[in-house]
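Just one chain is shown here, as structure tokens, and it is the form predicted on its own.
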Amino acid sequence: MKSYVLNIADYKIRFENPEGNIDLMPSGRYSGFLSATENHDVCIRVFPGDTELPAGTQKVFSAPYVEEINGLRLKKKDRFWSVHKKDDTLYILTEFPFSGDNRTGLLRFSLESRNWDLFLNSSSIRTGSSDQVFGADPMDYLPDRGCRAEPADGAVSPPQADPMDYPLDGLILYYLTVIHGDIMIHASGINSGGKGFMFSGVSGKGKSTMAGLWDRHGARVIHDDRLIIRKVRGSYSMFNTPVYRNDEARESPLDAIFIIEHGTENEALRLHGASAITSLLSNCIQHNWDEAVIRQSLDAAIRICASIPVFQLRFRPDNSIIAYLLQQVKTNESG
């Protein structure tokens, strides 16, 4: 495709190749997020080209490549992605750890602009009709790609690229939350009987466990790992982000936030003021290199905690937590 629009968390993200020399090919996990709208919140123009940083840029943030195994964070390599700044322009220089080669990308953008540029080096663009197109990651490596069009017999496929390959997907979404005053957070979320509950915590605290319990109870799971919280149509909602193959867009009103950890008994404690705000922020995805960006995250957390009740929750990983929480929310509403 020469262009397409993804609708993720109600952000309309348009990708286009103005020069017509790349076939933009979203991987299978985005097939449920493709949109026919012509409107967009940001347009990302994709080019083949040099991914060297221009002279005069200053590195403001750097992330090593870390894998988490059994709750332990292990650094695999120092270079992964980094944020650089020159005047009002930001540059994200990234490698693609699941590509198996030396692919790099350079995203050039401004928090004040809705037109961004993405440059992919020649190794990041596949030619021919190979089943393995740019954009592979551990959760999306099968050759059957839902969005992919096969060339006619005898035709040569144009160069192909997925502009939302990991880690660009999360980085693009994070800076969209910054621009719009929203937050991205490590959390699972469910909707039960029209009520939306979010369960946030670091790895190992029970996000996926909680999602599984509610799923077996018949609730709708919005996501089990990463959510975006936005105020839309006058109230707060939580949205999933594409992580798994053949994900589909999900949204739910947000009625209660639980900061979770495993316990021997079910026990919820309502948090107020600074305790609620800092507990929420502690699990938000943040790049703390700029005072204005930090302030936006803080302001977003303050607004959310002023509208949505926040609880510290210790829970038993069994069905007893479901009845307990439903009763807690009912008591909170009546009180």
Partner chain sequence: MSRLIYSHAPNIVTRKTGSEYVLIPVTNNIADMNSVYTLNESGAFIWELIDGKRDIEEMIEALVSRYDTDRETASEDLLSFIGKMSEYLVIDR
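Keep in mind it's a predicted model, so treat the numbers as computed, not measured. Residue numbers count along the first chain shown, from 1.
As for the form predicted in complex with the partner chain, it is not shown, yet the points below apply to it.
Taking non-hydrogen atoms only, Asp41 never approaches the partner chain to within 4.5 angstroms in the model of the complex.
Though the partner is left out of this view, Pro309 does not reach within 4.5 Å of the partner chain in the model of the complex, counting heavy atoms only. The partner chain is not drawn, but in the model of the complex it has a heavy atom within 4.5 Å of Trp289. Taking non-hydrogen atoms only, Ala274 approaches the partner chain to within 4.5 angstroms in the model of the complex. The partner is absent here; in the model of the complex, the one residue of Asn266, Ser35, Ser31, Ser282 having a heavy atom within 4.5 Å of the partner chain is Ser282. Along 33-60, one residue reaches a heavy atom to within 4.5 Å of the partner chain in the model of the complex: Val60.
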